[in-house]
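Before any questions on binding or motion, here is one chain by itself as structure tokens, the form predicted on its own.
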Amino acid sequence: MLSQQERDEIEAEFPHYEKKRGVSVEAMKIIQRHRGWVSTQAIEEISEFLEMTPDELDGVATFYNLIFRKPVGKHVILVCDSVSCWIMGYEEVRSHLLSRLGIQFGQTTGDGRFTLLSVPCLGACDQAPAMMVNDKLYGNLDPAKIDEILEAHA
């Protein structure tokens, strides 16, 4: 069941949209911020609150790649794999992260600290190669800088 705080935060978004269903992405982001991810149960709760079917809301969730439909680590690392990042050193960043974390893209470290995901673009071409940890953007990456970033999120 949606908590009162979750309901209040979702309702606060209503004035920004013509219809309740327009709040669907924001509602899922609110739930994700509170719960860490958006479960099937949460989809059902949100869809009822927004007067949608669970299938309609799940369609939105699966389209929007930053809605997590399974549990993720404490820190989510989004690695940009745009053309700019590829040109500026994506392969070295990718190799270092995979080696350092001991996981593949789409996986979470055994201690639950990090989930590693690839995204098509972070909009940081001027700082390529780039990644985001939680909501913080990091650019001009190299292995040493990546190590510092990971240590800061220990």
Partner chain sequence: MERPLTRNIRLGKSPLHLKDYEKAGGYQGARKALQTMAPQEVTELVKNSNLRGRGGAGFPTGMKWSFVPMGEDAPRIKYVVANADEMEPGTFKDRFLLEGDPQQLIEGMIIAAYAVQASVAYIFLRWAYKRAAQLLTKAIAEAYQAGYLGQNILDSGFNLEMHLHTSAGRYMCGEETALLNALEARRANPRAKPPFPPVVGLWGKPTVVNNVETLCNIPHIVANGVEWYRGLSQSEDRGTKIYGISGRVKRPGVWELPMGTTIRELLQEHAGGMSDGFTFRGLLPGGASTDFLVEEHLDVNMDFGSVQKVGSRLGTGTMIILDDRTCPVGMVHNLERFFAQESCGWCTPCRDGLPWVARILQGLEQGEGEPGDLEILDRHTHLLGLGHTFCALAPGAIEPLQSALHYFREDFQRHIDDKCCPWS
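Since this is a predicted model, take the numbers as computed values, not measurements. Numbering follows the first chain given and starts at 1.
There is another form of this protein, the form predicted together with its partner chain, and it is not shown here; the text below is about that form.
Trainee: Let me know the one among 62, 99, 40, 53 whose heavy atoms come within 4.5 Å of its partner chain in the model of the complex, would you?
Mentor: Of the candidates 62, 99, 40, 53, 62 is the one lying within 4.5 Å of its partner chain in the model of the complex.
Trainee: So in the model of the complex, does residue 48 come within 4.5 Å of its partner chain, heavy atom to heavy atom?
Mentor: So residue 48 does not count as contacting its partner chain.
Trainee: Looking in the model of the complex, any heavy atom of residue 89 within 4.5 Å of its partner chain?
Mentor: So residue 89 counts as contacting its partner chain.
Trainee: Is residue 124 part of the interface with its partner chain in the model of the complex - any heavy atom within 4.5 Å?
Mentor: Judged by the heavy-atom cut-off of 4.5 Å, residue 124 is in contact with its partner chain in the model of the complex.
Trainee: Find out whether any non-hydrogen atom of residue 142 is located within 4.5 angstroms of its partner chain in the model of the complex, and reply yes or no.
Mentor: Result no; residue 142 lies far from its partner chain in the model of the complex.
Trainee: Please tell me whether the candidate spot formed by 72, 116 and 147 is one where all three residues come within 4.5 Å of its partner chain in the model of the complex (heavy atoms).
Mentor: No, none of the three is in contact.
Trainee: So which residues in 70-84, when you check its partner chain in the model of the complex, have a heavy atom no farther than 4.5 Å from it?
Mentor: If the 4.5 Å heavy-atom criterion is applied to its partner chain in the model of the complex, 70-84 yields 78, 81, 82, 83, 84.
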